[in-house]
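Just one chain follows, in the form predicted on its own, and it is written as structure tokens.
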Amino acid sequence: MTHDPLPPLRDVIAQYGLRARKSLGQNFLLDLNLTGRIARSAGTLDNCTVVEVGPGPGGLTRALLHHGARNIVAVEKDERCLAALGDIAAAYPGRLRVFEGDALDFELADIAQQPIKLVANLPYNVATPLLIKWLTPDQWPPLWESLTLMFQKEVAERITAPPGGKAYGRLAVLTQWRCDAHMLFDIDPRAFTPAPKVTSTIVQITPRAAPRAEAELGDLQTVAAAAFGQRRKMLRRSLTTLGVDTGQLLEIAGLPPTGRAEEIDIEGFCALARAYHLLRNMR
């Protein structure tokens, strides 16, 4: 690793007038110890394409480069940040490419070559939609081999929650069906400029070679949405929105009609999805 030849990040922000915008979900992380820790958490970086979403002025980008990333693809929506990112690209020739635009509009296959690791302090306002996009590609295993991402702690808890608690819901089912997910460490609001009102958490997600149980993605999403859409009700009530006989549905799935969504594990939801697929195609 070599010394970072660029000026301090606070100077870069002042030079380019990069006041964080709430409308873009921006909170800039300036603490070099923390950006370095995030970069190290992603593991070996010199043998893959690192995709970073929302680099802003480039704090994490510089940490990734400093910790060995040879090929970074950054997607940035805020055109004000492009000049600062251009300075980084010039300081590290051939190692950083920047795409301007909304990450939701980009397909990984179009901008990066495998193997791919996604490492990002995600803008809060698009973090969950981006995660769902990366969890639901047409093919599985996906193009990426790991996600090391920052979320609001509440969202991180929803991603990693086990059955039985209030945090367990559709996001946990969708994530844990195909992946292993772990919270790594928290980041205090005071580490950011401006300081958000919530604690942030770094989460690492790795894809399983095969899902935990057989199910069609669309069917799983549909039954989970119905079950958690009325999570306080028993399954025999909450699943009526599916338009099939709920008694028959639950009998085929082997689940008690008096159960509630938060009590059903991933395998149980997959059984529901398979039963729903069967009954839907019998109509």
Ligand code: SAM
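Throughout, we count residues from 1 along the sequence that is shown. Everything numeric here is computed off the predicted structure, so don't read it as measured data.
A second form of this protein, the form predicted together with the ligand, is not displayed here; the remarks below concern that form.
- Heavy atoms within 4.5 Å of the ligand in the model of the complex map, among the stretches 22 to 30, 42 to 50, 219 to 227, 240 to 248, onto 22 to 30 alone.
- If you check the ligand in the model of the complex, you find no heavy atom from any of Leu118, Leu135 and Gln204 within 4.5 Å.
- Though the ligand is absent from this view, in the model of the complex it lies within 4.5 Å of a heavy atom of just one residue from Asp180, Asp102, Asp188, Glu154, which is Asp102.
- For the residues Leu122, Leu147, Ala172, Ile72, the 4.5 Å heavy atom test against the ligand in the model of the complex is passed only by Leu122.
- Among heavy atoms of Val126, some come within 4.5 Å of the ligand in the model of the complex.
- At the 4.5 Å threshold, heavy atoms of Leu65 stay clear of the ligand in the model of the complex, well away from it.
- By the criterion of a heavy atom within 4.5 Å, Asp87 is excluded from the residues contacting the ligand in the model of the complex.
- Although the partner is absent here, Lys77 sits close enough that one of its heavy atoms falls within 4.5 Å of the ligand in the model of the complex.
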